[in-house]
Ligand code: TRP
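So this first bit is one chain, no partners, the form predicted alone, shown in structure tokens.
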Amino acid sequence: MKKTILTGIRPTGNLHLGHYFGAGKTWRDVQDEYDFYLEIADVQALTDNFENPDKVRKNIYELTKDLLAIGIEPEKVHFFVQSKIPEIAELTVFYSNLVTVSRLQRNPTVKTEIAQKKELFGNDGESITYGFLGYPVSQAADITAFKGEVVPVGDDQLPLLEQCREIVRKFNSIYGETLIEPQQLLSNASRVKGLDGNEKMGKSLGNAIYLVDDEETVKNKIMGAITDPNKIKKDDPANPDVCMVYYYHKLVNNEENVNTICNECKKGARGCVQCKKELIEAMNNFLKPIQEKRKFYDEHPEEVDKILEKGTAEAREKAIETMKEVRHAMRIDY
């Protein structure tokens, strides 16, 4: 029997290179090894997009097309929409009794995201909603509703998974051994930096290359990428390690070309414009097969509907089974 793996992604925009190298590639590579549930987390997206539901609704389909385009196969993976599984909401309510507000406030991931919101929006945190503060509880419900045994995470998400494990242990200690304590599948991929050198690539920062970006968009973005500020003239030696153009060459170009670029850069044997033009070509070559596959789903939206309907039905069936066990354990299976 294959172990069950559960992961999710919020439908707030298209996938960018950070999503692909940080998570999507790993999901594609392990889809043969597990009984894989992939959640389009629209309810969680609404925790900080509650005033823009049309954005979330539209991106359910945009995101699904991106995931299919990078090679995640609906024959191997259950694609499902979070809001279509009411058992998750029910579990979230039950779990909310097992977690204190102070524990949620101490969660390192939540603390970091709250600090980012304060910095981004210039408020004092008073606008943080109950739903946002409690999203780790909802995530625990996401995982356990499907008896998730493995969860792929990065280092920054480990506190969320530990919160889930705490909830599982608390539930089982009160009601008996019912839920499975999930284990992490740690990604060895590092976070992809933005074109501006920021440690994080993101839509709000305007420093991302998206998998749907056309050739002209890619060109304009790369031509504005940060290079070594100490390289003034074309033939000045430079440090490729501080150049975002070289950084992206390492992601999408072949090893031989990368080594040549590095050596020429250090010797002052190449200019930044030449290097950017070569990256534009390499990036478009990398994106082309993804975009060609995505085009099929753009032209056949009914196929996306079928995939989501089928995967959601399969996920719902699994969640219903889990809730029967949970209600029985809690003595509320009237």
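A residue's number is simply how far along the shown sequence it sits, counting from 1. What you are looking at is a predicted structure, and each value in this text was computed from that prediction instead of being measured.
Here the subject shifts to the form predicted together with the named molecule, a form of this protein not shown in this document.
Asks: Considering only heavy atoms, tell me if V151 and the named molecule come within 4.5 Å of each other in the predicted complex.
Replies: Yes.
Asks: Is T64 part of the interface with the named molecule in the predicted complex - any heavy atom within 4.5 Å?
Replies: No, T64 stays farther than 4.5 Å from the named molecule in the predicted complex.
Asks: Even though the partner isn't displayed, in the predicted complex is H16 close enough to the named molecule, meaning a heavy atom within 4.5 Å?
Replies: H16: no contact with the named molecule in the predicted complex.
Asks: Using a 4.5 angstroms cut-off on non-hydrogen atoms, would L160 count as touching the named molecule in the predicted complex?
Replies: The answer is yes: L160 has a heavy atom within 4.5 Å of the named molecule.
Asks: Would you check whether the named molecule, in the predicted complex, lies within 4.5 angstroms of a non-hydrogen atom from each of G8, A41 and Q44?
Replies: So, yes: the whole triplet contacts the named molecule.
Asks: Counting any heavy atom within 4.5 Å as contact, can you tell me which stretch out of 179-187, 138-146, 240-248, 208-216 lines the named molecule in the predicted complex?
Replies: Result of the contact check: 138-146.
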